[in-house]
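A single chain, nothing else alongside it, follows as structure tokens in the form predicted on its own.
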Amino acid sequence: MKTFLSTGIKILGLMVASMILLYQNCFAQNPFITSIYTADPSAHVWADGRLYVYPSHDMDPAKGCDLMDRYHVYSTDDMVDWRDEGEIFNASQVSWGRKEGGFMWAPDCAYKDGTYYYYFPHPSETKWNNTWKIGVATSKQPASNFKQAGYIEGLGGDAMIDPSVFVDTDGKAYFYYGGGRMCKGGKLKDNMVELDGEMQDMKGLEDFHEATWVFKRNGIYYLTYADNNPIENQLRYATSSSPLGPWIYRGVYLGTTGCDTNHGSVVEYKGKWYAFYHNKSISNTGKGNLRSICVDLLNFNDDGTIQLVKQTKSGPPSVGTKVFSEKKSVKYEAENATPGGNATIADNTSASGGRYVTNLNADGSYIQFNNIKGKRKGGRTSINIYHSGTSYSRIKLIVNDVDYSYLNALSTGDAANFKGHAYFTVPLNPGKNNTIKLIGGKGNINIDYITVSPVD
């Protein structure tokens, strides 16, 4: 009997483990951010145990890189369940920036002595390409309340972009950036906003283009970057025994991704190494002005060299054990919202039953959710939209009359399949005086319900 019970318990344990694994991986995918277009991912692990990604934001509809703006941050504790932390900074907050705005290109973030430092390239004049500066914003939190702190004197100029900051194990910080086949690095002072000496050429790199990133593993320093491979850039790397080189070129670690650009970062999290990058698999537009960030496992050889990354559609497996979200959310059914234009309420004839809002493909069609409850003091709140659709479509999000532009509603393959999930974090007002409006007119989409979840 004991043997039988023991065997039964083992089988049950395996079944539960399999169910947990299935749940954890059911949302794993590449790109892992699909609601808006993001590029140039900068990944870091902070003291709270979460992994944070600081990407740039390709605005939709695409006009080109001049429209890039409104930085969002994403975080995870298992590499599968990603949380939109919301917008943390935008061009209108840059007092010294070009009056036309835009041009908020690839950023980075660093932490030292209780403060997070957010670095971003931005032109100071209308003639943007030769007026780049490296701006800094600071906060006591990793993904909120950033305030501008000016820019780093002595940096910038013609095509010098893509800031990257590496804080070594001894606490010393180093700054890197580059463009137009030039890569430079140097020390930062303890205040993290001033250079400590002259910037130096990073010697030993082959075919450097842009997108510098530096990390350390087993006492070896690695510098990764995008090359000038025709049509589509690759990601290459070099190694050194010093954070400022000289560097020994090692080769390509991530091939082309379908974009003309390539930009990545490397980080260790919970005992595994990850390569972050972007592609254009969702938008499939031209030269990749609407890009999306991805992540895959990064493996090393015994001698410390990097194996070529295998780019996948599934992404890496979960490194967590959480089965259900801990966030408290409130569900709002679409049939209880106010439809407008051609939007109508329909019955779901599938086995799941229920009702939903359809005909949002027509111009001017919308649904509006009223009396949405914010926290007692308001604050960051994740809006999750559960939808179906048979083709790629977009829906405009308006919250309390603020236009947050378009969210992607990816195809679920069936109008009755409401497993589509678009999410976006916005600030809500205290109490129940919030409104959420979803405007259609950009493809076929049906809305089943939304959930509203506090982030803080």
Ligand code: FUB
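Worth saying up front: this structure is predicted, and the values here are computed from it rather than measured. For every residue, the number given is its place in the sequence shown, counted from 1.
The protein also exists as the form predicted together with the ligand; that form is not presented, and the subsequent description refers to it.
Undergrad: Going by a heavy atom distance of 4.5 Å, is S56 a contact of the ligand in the model of the complex?
TA: The answer is yes: S56 has a heavy atom within 4.5 Å of the ligand.
Undergrad: Is there a heavy atom of L397 no more than 4.5 Å from a heavy atom of the ligand in the model of the complex?
TA: Outside the cut-off, so no.
Undergrad: With a 4.5 Å heavy atom cut-off, would you call L360 a contact of the ligand in the model of the complex?
TA: L360: no, not in contact with the ligand in the model of the complex.
Undergrad: May I ask you to state whether W105 is within 4.5 Å of the ligand in the model of the complex, using heavy atom distances?
TA: Yes, W105 sits close enough to the ligand in the model of the complex that at least one of its heavy atoms falls within 4.5 Å.
Undergrad: Find the only residue in S318, T261, T76, T224 having a heavy atom within 4.5 Å of the ligand in the model of the complex.
TA: Exactly one listed residue reaches within 4.5 Å, namely T261.
Undergrad: Just to confirm, with a 4.5 Å cut-off on non-hydrogen atoms, which of V45, C65, L410, A416 contacts the ligand in the model of the complex?
TA: The residue from V45, C65, L410, A416 that makes the contact is C65.
Undergrad: At 4.5 Å between heavy atoms, only one of the stretches 161 to 169, 147 to 155, 92 to 100, 369 to 377 reaches the ligand in the model of the complex; which one is it?
TA: This holds for exactly one stretch, 161 to 169.
Undergrad: Using a 4.5 Å heavy atom cutoff, which residues in 32 to 47 contact the ligand in the model of the complex? It's fine if the answer is none.
TA: Stretch hits: a single one, D40.
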